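What follows is one chain in structure tokens, specifically the form predicted alone.
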């Protein structure tokens, strides 16, 4: 593996990146489209992390608008226009630090990108930067979680092949979830992450959209009277789901620990029969060697099952535990916006002059609530659909792995039976 700072890959530069107008993205109310099909939008000055200016007017492509309005789960390969993969982890050693980078490859037909293909290298903190930017600029949407950054030193080697591969899979899933989202995938920061030669994160940290600020600066001074029934049901479900996943995770870890200890015992158990066989006559020697071979085969099968549980089963549980926290945060933001709206509406109701129209800021706040509700419901449905698919696949894989494990053990012990029977028959003939 190469040492030193990784070599920067060439970049094609950035085109203008366009985003969909959103009720939280500007203080002005959203205007309906004109009869000729055009739309009226507001613009703002932005600079990307690489320093280039960005045009944030309405998208010229109708696909982004359709994706914004149609929050269904149409993930067929034929309808996708953005494919992202994370692979090829590499270790870099410098005088200051040691870290891992991953290759992020992109293929797309979207006009927002300058080229149809990109290949850049990113490290974990770059993924973390992207997620923070998505949270700031898309506060009404559920942002997929990243794998946990910190690990216990001395317990997990963060540069081991197993750990790096587990993290690579998690980062790959994170980007795929963002790329499949009809709104997040058109985010300007996601475009920069996939295509920019270098991420100037210091400059990028200053890029907070008005949409993000409008929610970020809602203080805790407003208290929500009552969460709507449908969102209260979401919160109750998340609490129960958290408890169930936490229990399964703890028991699964305990099973893995016990299997690992059992594996150590099996590895000591088998050779005892081999040692015993060396001091016996042929009539007993072969059966004893056969038992040692059966135990060795069972060891290999158990080792595979334990690895599958550690590398495939546990990561999915932990991803959804983190997913739940992300969903709870979005629910809290929605509650804050609704509480602000209720407080302003109550202030209007108690004013002396009843004839004056409702202030514009109250109507804007109502738009924010409605936008939050619509986006949260759509992302909830999408999350539930992904969850069903992920856990069906996970449980199917778990069933297959257990069947394979027991079949291997059964085949190993069944192979011993003919050997024992042959020896018994030979002894009878001799007598």
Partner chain sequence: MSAAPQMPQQQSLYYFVPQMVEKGTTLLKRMEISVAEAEKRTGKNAVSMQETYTVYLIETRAVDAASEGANPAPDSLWRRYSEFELLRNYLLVTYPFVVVPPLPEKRAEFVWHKLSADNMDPDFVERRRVGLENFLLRVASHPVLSNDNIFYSFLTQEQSWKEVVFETGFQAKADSRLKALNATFRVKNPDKRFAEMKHYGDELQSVISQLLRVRARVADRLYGVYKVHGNYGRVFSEWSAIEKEMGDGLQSAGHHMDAYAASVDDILEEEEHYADQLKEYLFYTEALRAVCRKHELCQFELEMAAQDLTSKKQQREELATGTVRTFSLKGMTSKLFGQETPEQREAKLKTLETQIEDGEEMVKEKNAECEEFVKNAWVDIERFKEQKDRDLKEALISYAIMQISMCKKGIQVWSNAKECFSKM
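Keep in mind it's a predicted model, so treat the numbers as computed, not measured. Numbering follows the first chain given and starts at 1.
Another form, the form predicted in complex with its partner chain, is not on view; read the next lines as being about it.
A.B. asks: With the partner left out here, check for me: in the model of the complex, does some heavy atom of residue 79 sit within 4.5 Å of its partner chain?
C.D. replies: So residue 79 does not count as contacting its partner chain.
A.B. asks: Report yes if any heavy atom of residue 142 sits within 4.5 Å of a heavy atom of its partner chain in the model of the complex; otherwise report no.
C.D. replies: No, residue 142 is distant from the partner.
A.B. asks: So in the model of the complex, is its partner chain close enough to residue 244 to count as touching (4.5 Å, heavy atoms)?
C.D. replies: Yes, residue 244 is a contact residue.
A.B. asks: Against its partner chain in the model of the complex, would residue 402 count as a contact residue? Criterion: heavy atoms within 4.5 Å.
C.D. replies: Residue-level check for residue 402: yes, a contact with its partner chain.
A.B. asks: Can you work out which of 97, 148, 261, 161 has a heavy atom no more than 4.5 Å from its partner chain in the model of the complex?
C.D. replies: The option sitting close enough to the partner is 261.
A.B. asks: Identify, from the list 331, 171, 120, 309, the residue with a heavy atom within 4.5 Å of its partner chain in the model of the complex.
C.D. replies: That would be 309.
A.B. asks: Verify the flagged residues 272, 391 and 395 against its partner chain in the model of the complex: is each one within 4.5 Å by a non-hydrogen atom?
C.D. replies: Yes, each of 272, 391 and 395 comes within 4.5 Å of its partner chain in the model of the complex.
A.B. asks: Pick the stretch from 173-181, 126-134, 244-252, 187-195 whose residues have a heavy atom within 4.5 Å of its partner chain in the model of the complex.
C.D. replies: Flagged stretch: 244-252.
A.B. asks: Determine the residues of 264-297 with a heavy atom within 4.5 Å of its partner chain in the model of the complex and present them in sequence order; the list may be empty.
C.D. replies: Heavy-atom contacts within 4.5 Å come from 265, 266, 268, 269, 272, 273, 275, 276, 279, 280, 281, 283, 284, 287, 288, 291.
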